[in-house]
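Shown below, as structure tokens, is a lone chain in the form predicted on its own; questions about how it binds or moves come after it.
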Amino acid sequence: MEKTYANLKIVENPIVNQSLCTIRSKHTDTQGVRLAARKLTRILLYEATKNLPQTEEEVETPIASFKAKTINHDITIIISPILRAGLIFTDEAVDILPQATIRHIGMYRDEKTLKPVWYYNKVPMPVDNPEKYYVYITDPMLATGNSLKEAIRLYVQKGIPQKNICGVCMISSPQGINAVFEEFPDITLIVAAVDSHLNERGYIVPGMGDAGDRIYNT
């Protein structure tokens, strides 16, 4: 990847690396891929949500009263998985952020054009005070970037600031990262790995194969 981006965060630690090793191996069965992917998505979501605004509230412990930091209650948090593979993030996201709204987005990739084809959109909604919305779009693989760009566009068109939108992906390609930031330079991308390139079919190399097939045994 020739370009560098201030809003690109590559999360690396031993647990991330171990999880990536597990999901990449063709010898890992579906259960192993799913368990490792869930562990990885939780780490990525912790990193992604560092941008959430905080406030202080009075808390009474068994010992004393004091002011503790917590997530601002006056915001709307949206987790937006791109179906179907993006669903692997959902269970972890609901555990971490039970106050979040889940807005599913359904797209599949045309294998000839590599363009996304819509089949489900749960995003149409009124947006009051869009600056108070924080959106996390989840998709295990950022390959061409076309699906993620379409998803980002849905929220940007509602007036939600780019800086409040975060793409969360396990494995990415340089081409996908460049494509997303060229159109939406102020969003944030959280990824666990940036791989070498895309092959002629638009798959990430070395990647993990088709994430949906590996996670859901299809």
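One-based numbering along the sequence shown. Small disclaimer: the values here were computed from a predicted structure and weren't measured.
Another form exists, predicted in complex with a small molecule; not displayed. Remarks below refer to it.
- A residue is said to contact a partner when one of its heavy atoms sits within 4.5 Å of a partner heavy atom; Ile137 fails this definition for the small molecule in the predicted bound form, lying far away.
- Interface membership of Ile79, defined by any non-hydrogen atom within 4.5 Å of the small molecule in the predicted bound form, is ruled out.
- At a distance threshold of 4.5 angstroms between non-hydrogen atoms, Ile23 is out of contact with the small molecule in the predicted bound form.
- Of the heavy atoms in Ile105, none are within 4.5 Å of the small molecule in the predicted bound form.
- For the three residues Ala143, Gly202 and Asp210, a heavy atom within 4.5 Å of the small molecule turns up in the predicted bound form in every case.
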